Ligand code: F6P
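Given as structure tokens, the chain that follows is alone and in the form predicted alone.
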Amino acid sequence: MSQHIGILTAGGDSPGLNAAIRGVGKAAQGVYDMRVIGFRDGFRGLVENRAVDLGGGVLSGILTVGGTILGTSRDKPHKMKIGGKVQDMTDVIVENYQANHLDALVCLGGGGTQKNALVLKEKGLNVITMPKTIDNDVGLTDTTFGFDTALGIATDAIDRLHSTAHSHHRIIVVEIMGHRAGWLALGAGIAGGADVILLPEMPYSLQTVADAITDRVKSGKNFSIVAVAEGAMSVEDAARVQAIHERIQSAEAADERKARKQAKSDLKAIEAGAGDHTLQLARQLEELTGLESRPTILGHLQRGGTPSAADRLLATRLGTACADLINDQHFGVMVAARGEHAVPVPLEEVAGNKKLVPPDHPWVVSAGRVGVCLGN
């Protein structure tokens, strides 16, 4: 009998998702005669059993389309809001998995999706994941699909900002996505010729950044481009956050609920103010350097539009490998990119494994050698 597989896309949308759906679906149907169904809007669609047949011509023409034809959501199987109440819906997912006669479930997503898939694996489901995120922060894979497209968009934006920065003798502070991982800001900053790159992994000194810009002015360069990741923090703010985390750990160890609650509240207050970080940074640099400064926030532009050729190729490669693994009954893994190969990695090793930018990474070294200020 032919196998039945389900597929869903979870977390934030990302270029290449449709290419991945197509890669899995076409290989599964055309090579292995499997039946493929999709679930709308991530894990919520699986809970609500909102299935759609991906046979026939459904997969035709979607290779170049951005977003996901299945829709997505950030719902977690074990912590899903239903009727205003957070509930564990994993048992319902198991029931719907069985009701649809599934032999495997393919989950396309980033770090959160890897964790959620592991929860379902532990419930006894045959699960396979594929790494998707523009942040490129999923561990144990060379890269994630969506990253290359976003990198190109952010680089193009920096290219365009050069002309206005140069014409008006300004500092342009451009915010690039990346809360905890700075791969996108680092890559786009280098490729776009940014003069300063600020990353979440490397707390910066505001004075060091201002001095670097002032030195450029002294050498006759009266404009600067500052590429800053969303989650970049000053040395002072990073110390505050670290102190709060230590308070949380201490309160948890002593089972002091009130102290833990207060510490978490303080942390949320800092995170809530992070949204104005780029605007504040632009104002501070203007005051310290005397140069007019303008903030630019790229936002969701980086996640939209047609996927790059590299992302289409990567998503197709991993998708067809995923179909092979299902046929071989190899479950409980993420299909990782390793060189030109697709390698199955146990979900236990992937879940919670966030790939951050190490301070000695070749990109960081290269940035420093071409004179980029990293703020430290």
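None of the values given here were measured: they were computed from a predicted structure. Position 1 is the first residue in the sequence shown; the rest follow in order.
The next section is about a form of this same protein that is not shown, the form predicted together with 6-O-phosphono-beta-D-fructofuranose.
At a distance threshold of 4.5 angstroms between non-hydrogen atoms, K121 is out of contact with 6-O-phosphono-beta-D-fructofuranose in the predicted complex. For the chain shown alone, M177 is a contact residue for 6-O-phosphono-beta-D-fructofuranose in the predicted complex, at least one non-hydrogen atom being within 4.5 angstroms. Using a 4.5 angstroms limit between non-hydrogen atoms, H169 is distant from 6-O-phosphono-beta-D-fructofuranose in the predicted complex. In the predicted complex, at least one heavy atom of I134 sits within 4.5 Å of a heavy atom of 6-O-phosphono-beta-D-fructofuranose. No residue in the set R216, K221 and R369 has a non-hydrogen atom no more than 4.5 Å from 6-O-phosphono-beta-D-fructofuranose in the predicted complex. In terms of contact with 6-O-phosphono-beta-D-fructofuranose in the predicted complex, the residue from R303, R260, H78, K115 that brings a heavy atom within 4.5 Å is R303. This chain is drawn without 6-O-phosphono-beta-D-fructofuranose; in the predicted complex, the residue among D195, E286, E230, D103 with a heavy atom within 4.5 Å of it is E230. Between 198 to 206, 295 to 303, 262 to 270, 234 to 242, the stretch whose residues reach within 4.5 angstroms of 6-O-phosphono-beta-D-fructofuranose in the predicted complex through a non-hydrogen atom is 295 to 303.
Residues of 54 to 76 placing a heavy atom within 4.5 Å of 6-O-phosphono-beta-D-fructofuranose in the predicted complex: R74 alone.
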